[in-house]
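Just the one chain here, the form predicted on its own, laid out as structure tokens.
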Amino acid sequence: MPLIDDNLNAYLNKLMPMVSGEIGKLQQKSYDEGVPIIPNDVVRLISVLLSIKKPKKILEIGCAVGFSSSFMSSYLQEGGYITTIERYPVMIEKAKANIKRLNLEHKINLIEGDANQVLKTLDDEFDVIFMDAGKGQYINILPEVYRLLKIGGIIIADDILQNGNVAKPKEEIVKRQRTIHYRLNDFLWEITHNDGLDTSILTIGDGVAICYKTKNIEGLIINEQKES
């Protein structure tokens, strides 16, 4: 369900072109098969951000079938690369096949495993970090994401509004979804109040947060919200 008027959403989706070439074919195939890849309006947003940023190193958390990492690879500087993390074997198998078919193995390094553990083992610095994993884990992995992001780097966090449910009181959320509701609200509060980040939240797709890292700080400030 789009977060904006259905007619406007349909118009904008028709207006904005899909990705071209073989990567575009993977995009369309994924949509046709219901694979959970980023919607085209988010694709267009990322294309603009990466065109401006011209990243050398990108970290992706949540590879799925490899579409987004393949798409983003075309915006890398010469000699740049993408590190992407995926935990689900079915997705890993498909992503590896797609990355190989697109001849992008020299640009994309797929790490198999749980991002909560994998991120702690990384010691690189990234220009862009794209978060598209389990939404209930965003607040848990944010400290490592922040650590790995260069000053002047950008976080792009996808699917952060739960079709608008994040704005509802907890009593209106079904019990099995309340943990994600709590955690996403904590994540959104953190990225909008953290002194080390400048953040904008956009209502395209299912919500996208864009965070610019201004400086290094120690730890999260989420406990200040809970204690206030």
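As the structure is a computational prediction, the values presented were derived from the model and not from experiment. So that there is no doubt, residue numbering starts at 1 and follows the sequence shown.
Although not depicted, the form predicted in complex with a small molecule is the subject of the following passage.
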Only one of 74 to 82, 125 to 133, 93 to 101, 145 to 153 gets a heavy atom within 4.5 Å of the small molecule in the model of the complex; which is it? 125 to 133
Quick one: is Lys107 in contact with the small molecule in the model of the complex, heavy atoms, 4.5 Å cut-off? no
Can you tell me whether Ile38 touches the small molecule? I mean in the model of the complex, with a 4.5 angstroms heavy atom cut-off. yes
Mark Pro55 yes when one of its heavy atoms lies within 4.5 Å of a heavy atom of the small molecule in the model of the complex, and no otherwise. no
Does at least one non-hydrogen atom of Ala115 fall within 4.5 angstroms of the small molecule in the model of the complex? yes
